[in-house]
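This document contains two forms of one protein chain, each encoded as structure tokens and listed individually as structure 1 and structure 2.
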Structure 1
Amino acid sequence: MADIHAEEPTRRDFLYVASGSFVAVGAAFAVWPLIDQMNPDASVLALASIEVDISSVPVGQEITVKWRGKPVFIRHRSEEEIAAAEAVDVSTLRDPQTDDARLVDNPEGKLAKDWLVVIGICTHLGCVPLAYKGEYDGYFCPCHGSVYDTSGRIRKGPAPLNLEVPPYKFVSDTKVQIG
């Protein structure tokens, strides 16, 4: 029969465990400021999302706001602009996307067809297009000739993609939150 002897913990064992724990806690306190400084500062967090009051934008007009340093076009589309955007054969587009796919629901749960929200940067070389210009009465980039329709979809020119739609939602009938 084997003789099994379990040694009792000594004071030295306690000192090893206590010293190791003390070093681990000290290392965590020393490393935490290095990890914490990688978090975004308050100015970046403030730009993460914005709320825009759109109650003063009449039908057929547009406002430009700045979000994350980029221009964002918020357009109150007329019935004619909505009809023109919906009448386009999606299969003829370079970057096929329906008009409804570029819109979000309003607070009542209906698709907010009257409002178009796009980032106002040309997808070719980053220029800022002009509103209500070009043959589709949408956006025209004068730098290289890209033409977008009333839904911000590329129709002509060198731009490869549609104008980008930022993440946005309607928080009320008169306010839209971007970001």
Structure 2
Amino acid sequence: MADIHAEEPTRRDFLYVASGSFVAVGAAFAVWPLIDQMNPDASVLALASIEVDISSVPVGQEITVKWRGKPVFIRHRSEEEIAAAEAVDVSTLRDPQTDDARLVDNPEGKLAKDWLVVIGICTHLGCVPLAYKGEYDGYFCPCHGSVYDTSGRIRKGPAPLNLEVPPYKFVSDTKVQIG
């Protein structure tokens, strides 16, 4: 190429920079599909909601259902468990949240205090906690020793957050829709 040294940028310089930028933008657009394919696909998203019959769960017991590949605990709480969860001074918690804020209304529009629905994944590193274990008779994670209470709130151990409450609602007295 000829040796051109102009003081001012030339039209040619502009064209070089413009075409270079255009290529960069085009490359970025081309990369996006390569990354986006790693996100959850349509078939995974299609399984995002389930309905569960809870009529067979007696007071003081819980069932585990699978939702989005994760365990969800549906716990039929006893009076004592509810009382224990409500008696806690919220300001002393690591992840402050009242028991009520972790529940939803039943079909009559009243807070369903006897049903606790949480994702059974420890917020530390993702193990499945054991129910009715640990100091507060809520949950205990065997991996690194996190302890949760009867509202699924973190009380001791390395986990930073309460057990997550999935989006759910009562579709009837005996059916819960998760997701």
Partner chain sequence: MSGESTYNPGNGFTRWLDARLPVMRLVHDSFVDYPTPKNLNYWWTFGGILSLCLGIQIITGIILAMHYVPSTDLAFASVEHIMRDVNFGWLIRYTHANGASMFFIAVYIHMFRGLYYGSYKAPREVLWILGVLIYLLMMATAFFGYVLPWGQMSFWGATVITNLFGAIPVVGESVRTWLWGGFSVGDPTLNRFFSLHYLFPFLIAGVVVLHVWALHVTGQNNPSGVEVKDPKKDTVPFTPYATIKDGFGMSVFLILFAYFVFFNPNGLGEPDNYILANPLKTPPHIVPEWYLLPFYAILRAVPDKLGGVLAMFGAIAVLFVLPWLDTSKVRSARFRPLYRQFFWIHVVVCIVLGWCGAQSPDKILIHVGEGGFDVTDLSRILAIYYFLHFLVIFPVLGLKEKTKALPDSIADSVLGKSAAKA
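All values derive from a computational prediction rather than experimental measurement. Superpose the two forms; the largest set of C-alphas matching within 1.5 Å is the rigid core. Please note that residue numbering is based on structure 1, beginning with 1 at the start of its sequence.
Engineer: Just flag whichever of structures 1 and 2 is the form predicted in complex with the partner chain.
Structural biologist: Structure 2 is the one predicted in complex with the partner chain.
Engineer: Against the rigid core, is the Cα displacement of I63 between the two structures at least 2 Å?
Structural biologist: After core superposition, the C-alpha of I63 moves less than 2 Å between the two structures.
Engineer: Is P160 displaced by at least 2 Å at its C-alpha between the two structures when the rigid core is overlaid?
Structural biologist: The answer is no, as the C-alpha of P160 shifts between the two structures by less than 2 Å after core alignment.
Engineer: Given a core-based superposition, decide whether the C-alpha of Y132 shifts by 2 Å or more between the two structures.
Structural biologist: Stays below the 2 Å threshold, so no.
Engineer: Once the rigid core is superposed, tell me how far the Cα of I35 moves between the two structures, in Å to one decimal.
Structural biologist: Rounded to one decimal, the shift is 15.1 Å.
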